[in-house]
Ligand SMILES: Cc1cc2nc3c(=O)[nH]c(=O)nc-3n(C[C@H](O)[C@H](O)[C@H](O)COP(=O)(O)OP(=O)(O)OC[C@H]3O[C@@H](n4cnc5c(N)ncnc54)[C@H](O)[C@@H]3O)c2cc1C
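Below you'll find only one chain, the form predicted on its own, shown as structure tokens.
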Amino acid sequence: MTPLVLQSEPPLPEALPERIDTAIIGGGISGCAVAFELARRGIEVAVLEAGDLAAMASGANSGSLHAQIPMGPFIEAGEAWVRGFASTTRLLAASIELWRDLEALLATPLEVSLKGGLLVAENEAQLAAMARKVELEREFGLDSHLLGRSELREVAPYLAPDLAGAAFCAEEGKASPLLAGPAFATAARREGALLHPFTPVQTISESGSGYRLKTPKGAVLARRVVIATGADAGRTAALFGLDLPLWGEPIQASITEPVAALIPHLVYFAGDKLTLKQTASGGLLIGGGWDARLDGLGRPTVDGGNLARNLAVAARVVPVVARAKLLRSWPGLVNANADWTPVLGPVPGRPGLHFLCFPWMGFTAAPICARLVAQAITGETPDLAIDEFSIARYQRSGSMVVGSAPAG
């Protein structure tokens, strides 16, 4: 194994540049990752982040690395939806392949562990529904198979003994969200990218062959712009006169005190919302997309009732949860859309404007999406085609209203 070399972090720039080749709006894991990919290709890039770097969904998510088809939409929307989701599944799998080598690439530990994911069935009916999902996953190239009751006990003895079985996806795993976003930020800065936290973009106007981005710290004239603002992607798009069906969903997660090493897998449950994994330090990290609340100022805050339900589901599936003390629960805003598929690449009719928005599972997808957007910007042959993820699909469906960015 190549040894990891930790490098010191250069100081943050104090002043905004007057001009930059490419401005990235959003300094989460996706924004910092595309900054890294562009900077290492020799592109001048500046990241403008309204808050701290990698501090929103990038740091608040539970660190799951997803590959398999989500059970909820599979049941609710059926096989036609699944086939439309096939390219997104391949995108997630390709991103996980990048995660395998990310610690070496970024020269820092990220606690990446790819021991597989278990979607656990409570009864035979759920297991039967999973069987078809596994068939489709295998058709799409995933290493998935079904485990019966006795096989599941051998693979995952930490689970409740009365569970009926599980779908096992070998590609899945986990990484630390507290390490990954900052690692991309540090690597991007090392490659020459300028990172500006606490620099919200207030207005955007067309200026010559580029865009003028006004912030409280001054204005930047950029030849190209990448929107990578996650849950705020819809609001950022509105600054360009684009009305998109993208929004932020308040969700929450929790972690327990450290317990003995027990759970190597990413665990889901077909009976209710759950993701569960054990961190490198031993804590049980519990999520699954349970709703948080918004306070009077629109800020996410933990919903106590949903916290209790989430913990009850976790204890039903993994009994050791009931004996572990809860340390902390926190909310976050995750970017969302209706079809679960990303918005990537150039915006038709807006020269130099690009999108990088991956709903629900953006932590997993950040490495590959950043690379693909960087390849689109630099004119390289893409690792994967992204045409079907274009913002143009909203234009075709009539769910996007396109105006003009104000002239400046």
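Quantities reported herein were computed from a predicted structural model and do not represent experimental measurements. Numbers for residues come from their place in the sequence shown, where the first is 1.
Although not depicted, the form predicted together with this ligand is the subject of the following passage.
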>> this ligand is absent from this chain, but in the predicted bound form, do 201, 229 and 361 each have a non-hydrogen atom within 4.5 Å of it?
In response: yes
>> If we define contact as a non-hydrogen atom of the residue within 4.5 angstroms of the partner, is residue 66 a contact of this ligand in the predicted bound form?
In response: yes
> Given that the partner is absent here, does residue 25 sit within 4.5 Å of this ligand in the predicted bound form, heavy atoms only?
Replying inline: yes
>> Does any part of residue 49 reach within 4.5 Å of this ligand in the predicted bound form? Heavy atoms only, please.
In response: yes
> in the predicted bound form, does residue 332 have a heavy atom within 4.5 Å of this ligand?
Replying inline: yes
>> Within 4.5 Å, heavy atoms only, which of 110, 142, 251, 244 is in contact with this ligand in the predicted bound form?
In response: 251
>> If the cut-off is 4.5 angstroms on heavy atoms, which of these, 353, 39, 57, 344, is the one near this ligand in the predicted bound form?
In response: 57
>> To test your reading of this chain, name the stretch in 147-155, 69-77, 310-318, 251-259 whose heavy atoms come within 4.5 Å of this ligand in the predicted bound form.
In response: 251-259
